[in-house]
Each structure stands twice: as C-alpha cells, then as structure tokens.
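Quick setup: one chain, the form predicted on its own, written in structure tokens, and binding and motion questions come after.
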Amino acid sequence: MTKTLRIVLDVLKPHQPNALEFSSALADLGEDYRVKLTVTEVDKKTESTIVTIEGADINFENIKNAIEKMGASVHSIDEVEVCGTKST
C-alpha cells in the first residue's frame, strides 16, 4: 500500500470560484492538506492552473471529484510523490 504525499495537477477551471475559494475547498478535503495554486493562463471564461497538493495521505479521487464539482477539470497529473508502507 502506498501513500501519496504530493501531487501536481494541470487544472482548467472557470473564473468562479476564484483561486482562493477553489484552493480552500481542496484544502478542506484533508486535515493536513496544503494547497498551492498558480494561474498560468487566463482567457475570457477559464483559467489554466497548476495545483500542488501536499499531505500525509492524499486521496486523488476525492480531489478529482471536488475539482469536477466546482466546474473544473484535471487535464493531467504532472508530478507525484508517493511512499510505500510495509503491511503487517
């Protein structure tokens, strides 16, 4: 069993919710989640962003569902950091 410690996502999102609201909603999904969002491009209706999430055990499916619920979409998983755990 592995634990995901860090994930970097390329996300296309609408202007609303704004970057702070969007990041806060993702951070609220995990007790120790830290979220960094960088807007890389803006057009009339959307923003291209790079979202970095760090935590002790990130649940990607929960993150992806929350992103989609806010009207955004994950274009790609650009980077991950995982660690193995030895089962007993």
Partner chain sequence: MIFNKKQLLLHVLRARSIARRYLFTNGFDGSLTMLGMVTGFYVAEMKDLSVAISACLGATVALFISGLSSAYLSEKAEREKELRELEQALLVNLKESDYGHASRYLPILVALVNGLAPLVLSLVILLPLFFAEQLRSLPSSPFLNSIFVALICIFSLGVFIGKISKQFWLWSGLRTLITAIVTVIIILLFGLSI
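Here the structure is a predicted model, which means the values were calculated and not measured. Residue numbers count along the first chain shown, from 1.
One more form of this protein should be noted, the form predicted in complex with its partner chain, which is absent from this view; the next part is about it.
Student: Using heavy atoms only and a 4.5 Å cut-off, decide whether all three of Thr4, Thr52 and Asn62 touch its partner chain in the model of the complex.
Tutor: None of them does, since no heavy atom lies within 4.5 Å of the partner.
Student: Using a 4.5 angstroms cut-off on non-hydrogen atoms, would Ala25 count as touching its partner chain in the model of the complex?
Tutor: Yes, contact at 4.5 Å.
Student: Could you confirm whether Thr38 comes within 4.5 Å of its partner chain in the model of the complex, counting heavy atoms only?
Tutor: Thr38: no contact with its partner chain in the model of the complex.
Student: So, Asp10 and its partner chain: in the model of the complex, are they within 4.5 Å at any heavy atom pair?
Tutor: Taking the distances in the model of the complex, the answer for Asp10 is no, it never comes within 4.5 Å of its partner chain.
Student: Under a 4.5 Å heavy atom criterion, is Ser76 part of the interface with its partner chain in the model of the complex?
Tutor: Heavy-atom contact with its partner chain at 4.5 Å: absent for Ser76.
Student: What residues in 40 to 66 sit within 4.5 Å of its partner chain in the model of the complex, counting heavy atoms only?
Tutor: Stretch hits, in order: Lys45, Thr46.
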